[in-house]
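One chain is shown next in structure tokens, namely the form predicted alone.
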């Protein structure tokens, strides 16, 4: 058994060979799904650009379906299963539970992805990611999602089994590391999410096969969003876990208060899935009392948890940097950060973009009254491109740059280009998010193929002239983001195929892990008795931006209906 372990020469981590293999295959599958989904996304973006309007209607909805599933579901969950195995077997230095079951789960996920992409490309499932009933897809479409979900569920159970092994074999002392605790949070949410998907997708499969007469549309939407939106809550818990990991890797940072960070993760388990209801705030089938409770008191608890993470992650980086001597002024710690290291820059852009674009827009859109302004407009994909793409995808990209030499034992190629990639991708996706949200604020519909209504036989609706400009800017941003995504895929795939192979005991020339400051180094840091004044200033800027934007949207709402 000991022959199946190796010690990483860069990090000192104890790696179990079957766990390494599972991390590798899931990460490779994830990158392939990202590549496929990115191609679909390029087609969607160029079609939404009125001056280009690339695809006909049938191909647009086909591409929109493929894009949503490959990047919002397949890419993220493949990577998250790899993260679960890393956070359990690798960080705890123990065996992976039942590797054969892990392979079964992976096989089911791959079969599901291949089946899904085949049936979408065949033109028999252009129902978009939401696949709302009574729109009907080919039975294989629903079966593919069920297989993928079951495979992911198996991966979660293997993860929990690995935690049991680590506990029984005493491979760690005290509580599990914070990164592992964050992964546990993501896995618990994943189990809830997958069970919700099974509750609705299995009867929908039977309906498509003719065994059920109908699927109630309101019931479908209510249960489906417990799956569809909660899958993005897995992403939130996972990418915040990655933030903590990268803060430790790059700076040797420790949480400002590990108990507070753990409590924030626990609050995610209790309250984060409630955000699913913001998709249902205009549905008549959900009571007003439930909507008001969900979008006020209950939702604020999940928001507070995110704000805790948004403060503690940069705060831990600031305190570590100040402990290392970067203690002048408010922001020397940030100016002297390794901005040329894509692991850090990708994480920090993810943090800022997720907070300022995704967080502020999500909370505002989650208010029952304001939601009606932007519901089912392009504001919604603008919001989740800020959360899932800038937040989750960029964080996963950042960690991948570190995993290539540590897990795959390959040197990165094109390191100079890699240092620019997070900025290209982050800037492009920020543009996509802002311009789509702007177009949505002007009323541009979320799923309409042609806002010019050029093929409707004289039925025309005139959107404000600015809508065309915003969609053109969104199209340009799509090109920049796709370029950044393509560079990432080329660097990672090229490194795995052609990067210099590292010896068993050879250290990588890439910066891998920082030494943490001593407790004595932390004494006397900060300004005016505040240990992290720079982070505090950024938090104040965030709250001011939040308050201003929140007020502006209430102002829009007040102008919607005049009172005489």
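Numbering follows the first chain given and starts at 1. The structure presented is a predicted model; accordingly, all values stated were derived computationally and were not measured.
Note that the form predicted together with a small molecule isn't included here; everything after this is about it.
Original post:
Hey, in the predicted bound form, does residue 254 get a heavy atom within 4.5 angstroms of the small molecule?
Top reply: No, residue 254 sits far enough from the small molecule in the predicted bound form that none of its heavy atoms falls within 4.5 Å.
**OP:** Flag residue 447 as yes or no: does it have a non-hydrogen atom within 4.5 angstroms of any non-hydrogen atom of the small molecule in the predicted bound form?
**Re:** Taking the distances in the predicted bound form, the answer for residue 447 is yes, it comes within 4.5 Å of the small molecule.
Original post:
Taking heavy atoms and a 4.5 Å cut-off, does residue 517 contact the small molecule in the predicted bound form?
Top reply: No, residue 517 sits far enough from the small molecule in the predicted bound form that none of its heavy atoms falls within 4.5 Å.
Original post:
Would residue 72 show up as a contact with the small molecule in the predicted bound form if we use heavy atoms at 4.5 Å?
Top reply: Judged by the heavy-atom cut-off of 4.5 Å, residue 72 is in contact with the small molecule in the predicted bound form.
Original post:
Tell me, which of 90, 451, 374, 482 has a heavy atom within 4.5 angstroms of the small molecule in the predicted bound form?
Top reply: The residue in contact is 482.
Subject >> Heavy atom within 4.5 Å of the small molecule in the predicted bound form - residue from 242, 190, 429, 158 >> reply: Of the listed residues, the single hit is 429.
Original post:
With the partner absent here, would 229, 304 and 363 each sit within 4.5 Å of the small molecule in the predicted bound form, counting heavy atoms only?
Top reply: Not one of the three qualifies.
**OP:** Heavy atoms, 4.5 Å, the small molecule in the predicted bound form: which of 325-333, 342-350, 398-406, 126-134 makes the cut? Say which one.
**Re:** Only one stretch qualifies here: 126-134.
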